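A single chain comes next, written as structure tokens; it is the form predicted on its own.
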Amino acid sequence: MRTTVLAFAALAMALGIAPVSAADTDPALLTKATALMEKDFQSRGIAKVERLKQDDVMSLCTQYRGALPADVAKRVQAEQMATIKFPADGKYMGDWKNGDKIAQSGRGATWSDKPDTVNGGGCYNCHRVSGTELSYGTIGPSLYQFGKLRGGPTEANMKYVYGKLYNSQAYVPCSNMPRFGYHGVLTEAQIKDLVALLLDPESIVNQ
């Protein structure tokens, strides 16, 4: 994620290291920066320090500072698209009211949460979702009236939204958006409910 890239850049500045191009990133420097983070971040509760370890995609995003070469981006998208497990029943939409509860919830996966805590999506942390919400994040684009603007719950739209929620890297490499399904943060049913929140004409998103 870009946060990792920024953390690496901040550490480099703190260590007095001159900025370098993505192609010249020093693996030894990255190793040193990672070691510093692992020293400061300790496992606590269900939040384990292993979360700092990057998979291949995140390593590439760090290496190229979020700007992958076209050929690498194409390969990453194809590999990540192959990880998406679309619903076996062929149904992509659940209950938008449940979806709103998931979008509103930021609970789950933190050191203070119990292992059986139901994870939320925390969508309002990054997006405007409804027209009545007083506070929302702006890291991601506004999703207000998303379904109305996209043409409603067509097969293509439902599959796209489901896939994007499951693994955003399949659509936008180095996206800041969490890979909710890929990392098991949200269940299939929860993702379906969020698809409904965004695409159901009756949803508060589309009013």
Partner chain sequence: MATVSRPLAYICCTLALCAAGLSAAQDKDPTAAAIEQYRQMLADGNPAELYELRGEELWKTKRGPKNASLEQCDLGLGPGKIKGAYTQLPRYFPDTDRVEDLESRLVTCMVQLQGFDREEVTKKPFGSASYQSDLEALVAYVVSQSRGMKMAVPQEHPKEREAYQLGREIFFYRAGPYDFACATCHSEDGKRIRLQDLPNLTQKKGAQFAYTTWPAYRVSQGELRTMQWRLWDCFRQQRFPEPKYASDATIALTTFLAVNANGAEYAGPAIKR
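Numbering follows the first chain given and starts at 1. The structure presented is a predicted model; accordingly, all values stated were derived computationally and were not measured.
One more form of this protein should be noted, the form predicted together with the partner chain, which is absent from this view; the next part is about it.
* Using heavy atoms only and a 4.5 Å cut-off, determine which of A156, L149, A70, I139 is in contact with the partner chain in the model of the complex. => Only one option qualifies, and that one is I139.
* Can any non-hydrogen atom of Y124 be found within 4.5 angstroms of the partner chain in the model of the complex? -> Answer yes; at least one heavy atom of Y124 falls within 4.5 Å of the partner chain in the model of the complex.
* Any of the heavy atoms of C174 lying within 4.5 Å of the partner chain in the model of the complex? -> Within the cut-off, so yes.
* Would P178 count as touching the partner chain in the model of the complex under a 4.5 Å heavy atom rule? -> Contact with the partner chain, yes.
* To do: Would you please decide whether T83 lies within 4.5 angstroms of the partner chain in the model of the complex, comparing each non-hydrogen atom pair?
  => Outside the cut-off, so no.
* Asked: With the partner left out here, if you bring back the partner chain in the model of the complex, are V49, C61 and Q104 all within 4.5 Å of it by some heavy atom?
  -> So, yes: the whole triplet contacts the partner chain.
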